[in-house]
Structures are given as C-alpha cells and as structure tokens.
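Only one chain is given next, in structure tokens, and it is the form predicted on its own.
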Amino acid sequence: MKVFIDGKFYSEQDAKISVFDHGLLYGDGVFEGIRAYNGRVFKLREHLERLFDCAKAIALEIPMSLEELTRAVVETCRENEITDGYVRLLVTRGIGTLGLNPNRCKNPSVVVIAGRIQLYPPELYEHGMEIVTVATTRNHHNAVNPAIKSLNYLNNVLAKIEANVAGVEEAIMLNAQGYVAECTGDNIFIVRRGVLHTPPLHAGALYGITRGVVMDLAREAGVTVSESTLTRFDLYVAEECFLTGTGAEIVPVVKIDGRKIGSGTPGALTRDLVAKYRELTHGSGEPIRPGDVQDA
C-alpha cells in the first residue's frame, strides 16, 4: 500500500506522522471516508466540500485547494490500483507543542489512504441487523458539534463500546433532549405509513453524504421524505428501519432494543433503495483512470 502524505507517497511501513502532531495528541483535525466503485470515486466533490466546511468550523486552514485534493485522492487510488475500495482522507492541525494552543501548529498535514473496507458482515445486509440504544449521549452542539467530522471520535467510540458489550454491531445515540440523533457511525431512517423519516440535522445527525443521496433517491421514486424529531417509540413502531453511511452504504435493521421492526425482515422500500443506490454508485463519480472506466 502507498499512502499520500503532504504531497508525497510512502510505503505503508514508512507512512508516519510526528508524535507531536495535534491530530494525534488532541484529535485536532478533520477527516472524510470516501468510496470508490467501478473505477470511479463516488460523490468526491461533496465529500471534499464537507471537509472544507468542517475545517473552517475549527479554524483549520487546509494547505491544498479542492482541485488539488481531488487529484490527490484520485492519484492515491491509482497508485494502489483501487477500482472498488475505501479512501480515508484526513487533515491534521500538524506538529505543535505539548500545549493545546493551535496557533503553535504552523503546517497542517494532509493524509490520503486508499484500501478496502467491509464495515459489517455480509449476512447483515441480506437478513438485517439488530441494534440497541446506548446511554452515551451524542455531543451537544455547544461542545464538539456533531456536524464537524473531526478526528475526535471518542463520543462515538464510547457508544460503540456499549454496542460491543451488548453483542451488536451498531448502536443508536440520543441527544441531550432524549431524541434520536444517529448511530455511532451511520445515519438512521425509518418507514412509517409510507413516509420515510430521518432525524433532522439539528438533532445531532451528521450531514451524511449517503443520507442525502438516499433522500434524493426516495423523492425521485415518489416517496415522501420527512426530517422528523424521533423518539425511541417512533423507532419501535416503525414498519422498516435502515442505516446509511459511506462505509455501511444501506444496511437494514430488523430489531431495536429487542423489539422486532415490522415483519422482522428487510422491508420493500429498504430493498428498493438498496437497488437504486447500487445502480447509482456503479455508474457515477470521478474517474480514477478515465480510459479504463466501464459503462454502467
């Protein structure tokens, strides 16, 4: 594997950052998870725009333009012969002192890693997964705002630990008011009486790229989509439930906190959206090797 760091490629063994980098010391930085399908990088511009938004929110100056980052991601995929895979792009505050002051970090670092990912076991996509609600509260907007996709993911890690203890792959996080925010790494959707519902962004949900794609696909299919304030009651009485994320794609949920959702099998709308999403990802995105891209 070859890793892009600040304009150069390094072998996996030689790809290193300083122990004084504030990304390591304090989680001070931002990142994106991006997917490549069929020789194309899916929704690359949208991911990069979100990266720049998050960097601006934490007053972090990315030392490359959007166009330069586009080339870096595509070239990293090319260097690693990726046609279908996962890209992790991160920007750290850079090397500083042992103090918190970000002004002492003069040179932010950009790292691009391109490889493979399988977030959940394949059988969960076919038969659905069980999830639980955990006690760890989603970050308050006046703390580490959930809209910022930062390197400080400890809030999510703590919730994931609770999921592990419960013996499930994923967990629902509530916000400080007790409303459904999102899962540890995915956005959540439910279907109730023909309407597709997902928590609003102000509830603590990430500005999910896949979330937005699924909402668009549903609307194009004539489905009413609502960003709704949801409680656990709403989840329990849903007819369908699924999670979305760049790594997860769309994964059906068939049980929440021991309650069977709908029939206990992936629902019709969920399966339809999975099919539409797969078709879209197969045929769109930034070409990695333009001459080698196959027609959808």
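The first residue of the sequence shown is number 1, and the count goes up from there. Here the structure is a predicted model, which means the values were calculated and not measured.
There is another form of the same protein, the form predicted together with a small molecule; it is not shown, and what comes next is about it.
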property	result
The small molecule in the predicted bound form reached by all of 153, 208 and 244, non-hydrogen atom within 4.5 Å	yes
In the predicted bound form, residue 86 touching the small molecule (heavy atom, 4.5 Å)	yes
Distance check, residue 255 to the small molecule in the predicted bound form, heavy atom within 4.5 Å	no
Exercise: residue 40 in contact with the small molecule in the predicted bound form, heavy atom 4.5 Å	no
Contact of residue 139 with the small molecule in the predicted bound form (heavy atom, 4.5 Å)	no
Location of the small molecule contact in the predicted bound form, chosen stretch of 225-233, 65-73, 246-254, 263-271 [non-hydrogen atom, 4.5 Å]	246-254
Contact assignment for the small molecule in the predicted bound form, among 108, 185, 128, 96, heavy atom within 4.5 Å	185
